[in-house]
Every structure is written in structure tokens, then in C-alpha cells.
Ligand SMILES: Cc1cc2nc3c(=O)[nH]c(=O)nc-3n(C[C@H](O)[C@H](O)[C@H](O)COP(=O)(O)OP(=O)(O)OC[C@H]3O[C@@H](n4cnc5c(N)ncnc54)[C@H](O)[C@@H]3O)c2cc1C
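Only one chain is shown below, in C-alpha cells, and it's the form predicted alone.
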Amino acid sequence: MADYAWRFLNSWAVRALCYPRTVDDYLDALQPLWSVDEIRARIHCIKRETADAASLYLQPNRNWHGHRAGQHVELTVEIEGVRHSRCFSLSSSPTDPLLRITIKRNGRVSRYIVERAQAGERVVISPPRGSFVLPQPRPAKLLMISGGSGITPMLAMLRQLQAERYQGDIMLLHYDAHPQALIGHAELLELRKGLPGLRLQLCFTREGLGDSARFSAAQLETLVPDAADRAAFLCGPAGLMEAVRRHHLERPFRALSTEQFVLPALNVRGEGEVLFKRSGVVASGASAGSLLELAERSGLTPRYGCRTGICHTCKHRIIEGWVRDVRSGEVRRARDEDLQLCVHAAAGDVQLDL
């Protein structure tokens, strides 16, 4: 879309003429990638990474203004006429010609992408989010610890460092079930050619190696004796992240940055009575964990994205009530504020504007 056309369509006069629909509603019928508000992208191609993971290569429209390596986006796809969203890390660096999102099959959106998505299909992405990025100036020593699909933001960072001709020392410690599950193995080997200071240590937990294939202080001391001098980056399953965080409390890294898309397995149940005021629905807080789960079990359909407190899509106004943050266990009284339903449970009587 030419600049003059975009400015015209984005004007208040055109928006007023389109009301109660939006300009994007009409543009959608003409050209699926045209939009004055949304970041729409066409799937250029799909590359199979493993038996249950694939990479989407995307061409975004003009509303995309770039990202920093390590950031994530909320990806929205249409499945059987209904929009569904989920957060994923970008696995491409800002210098790559196409955006890349590498996805492991795990939920409704990821299953659709891995099993059914086609080249040419349109998706919607959010602006880039998150502070899980390389600092400036670049540290001389880096430690990257990842597990499973947590390798994807590390790939983006490594690609960025390669483009910058980074000459520092990088240790990548990655945990996976078995070699066939490892995303980007060939790419890591290729990156090592352009990053002379990159060392790889791959640990496979189902290879009969016992505890030696899992993170521990002793293992880290053996593999990375200067870990305390390194800026560390961590992304992976909840168990791995908790183990590394505990280590950091006892023997701190120079710095620790984390990205987590899965909540720890918490056996949290709500309490009290929850009133969904606009819907006129009353439910027992003890019948579910989070307020999002309780709303869904009560027949309501609030919007959500990541379900882990990252994307903020599920925010709704709480009129008043006692709530528990399921990540920290903190209980507090909330009144007339926006609350993330996916990471809060009722800790007493609650009224929600939903």
C-alpha cells in the first residue's frame, strides 16, 4: 500500500465513514495483508524442523517496525472461523530478510501451525514484546541455558551476534529429550563457523545418562567453571528454569535474564465466590485454578493468548475482591483495576466486570 493511500485510509474521516465497522474490515476483502492497524503477515514458506516442530517464515506488512533478537510476538491464526492467539519467540535476527517463528507442537495454535498451516496463508502478529534481549554493550562472556523449544530465542540472539561479527566467548548449554527432538541442530553447527567463540554442550535426558543429563551445580562447575563471570540467558521448561534460578541465588551469574512461556506446575485452587457481573454468572472459586479457567468452566469465553501472564490479552476489570497471584502465591485485595485472569485465582469473594 502506498504511503498516501495508507495516510488517507488512516484518517479520522475514513474511520468515521466506516463506523461501526473498521477500515481493516473493508481492506480485508480487497487485500488480506492491507491494514491500517494490524500487523498482518503472509506465510512465505514453512520448514519442518523436527517431527513435532516447524518454522514459519513470514512477510509482514508495513505496520511491522522491526524487533530485537530474543523478543516474542503474539501470533493469531484463524481456526475454523475463530481467531486463536499464542505467544512465541522470534527465532530470526533483526537482520534476516524474513521473520521466523519456530514452533513446537504443544497446544491448539501450535498444532494448527505444525500440522495444517500452508504457504500463502495470512496470520496476524503483535508488535514485538519482552526484555529478553542482548544488552548493550555486548558482554565479553555469555552463557545461554535452554531446554526444548527454549532454544528458539537463543537462535535469534546467535544469529544477531554472527551478523555483528561478535568475537566474545559464548557457552550454549542445551537440554532436550533426545537428538531427534533438538530444534536447529544443523543451524547451530553452521553458526559455530561464524562465531569462533561459540561452544555447544548438548544434554539429552532420555539417552540413559541419568542425572548427568540434567542441570546441576556440579555439572555447571565442570562445563563452565567461570559461570559467575558470564551474563546468563535462560529459557526452557519450568523445572530447568527453577533449578537455574536456585543456582543463581546461591552462586550468582554476572547477570541473569529469563523468558518463560510455561507456568510452573502449581496445585492452586481458588476460594470464595466469584461473580461475573456483566454475564450474571456466579461460580465457586474452588471449582478451578485461575480465574481464566473458572470463567471458561462457567461457559464464558474471555480473550486470552499465552495463558502464562506474558501477553496480557486476558486482562479484565476486577470490581473488587481478594486474589492470589499463582506465580508468587501473593494474596492481596484488588479494587477497580485490570487483572490478568490467567495468573490470578480467587482468594475470597471476587466481582469481575465480565
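Take the two forms, find the largest set of C-alpha atoms that superpose within 1.5 Å, and that set is the rigid core. None of the values given here were measured: they were computed from a predicted structure. Numbering starts at 1 and follows the sequence shown.
One more form of this protein exists, namely the form predicted together with this ligand; it is left out here, but the text below deals with it.
- Although this ligand is omitted here, in the predicted complex none of R40, I46 and Q118 has a heavy atom within 4.5 Å of it.
- At the 4.5 Å threshold, heavy atoms of L172 stay clear of this ligand in the predicted complex, well away from it.
- Although the partner is absent here, R86 sits close enough that one of its heavy atoms falls within 4.5 Å of this ligand in the predicted complex.
- Taking the partner from the other structure, this ligand in the predicted complex has no heavy atom within 4.5 Å of any heavy atom of R251.
- Taking non-hydrogen atoms only, V109 approaches this ligand to within 4.5 angstroms in the predicted complex.
- This chain appears without its partner; in the predicted complex, the one residue of V274, I103, A156, L234 with a heavy atom within 4.5 Å of this ligand is I103.
- Residues with any non-hydrogen atom within 4.5 angstroms of this ligand in the predicted complex fall in just one of 219-227, 190-198, 276-284, 252-260: 252-260.
- Taking this ligand as positioned in the predicted complex, the only residue of 313-328 that brings a heavy atom within 4.5 Å of it is W322.
- Once both forms are fitted on their rigid core, the CA atom of W322 lies 2 Å or more apart between the shown form and the other one.
- Distance between the C-alpha atoms of S85 and V323: shorter by at least 3 Å in the predicted complex than in the displayed form.
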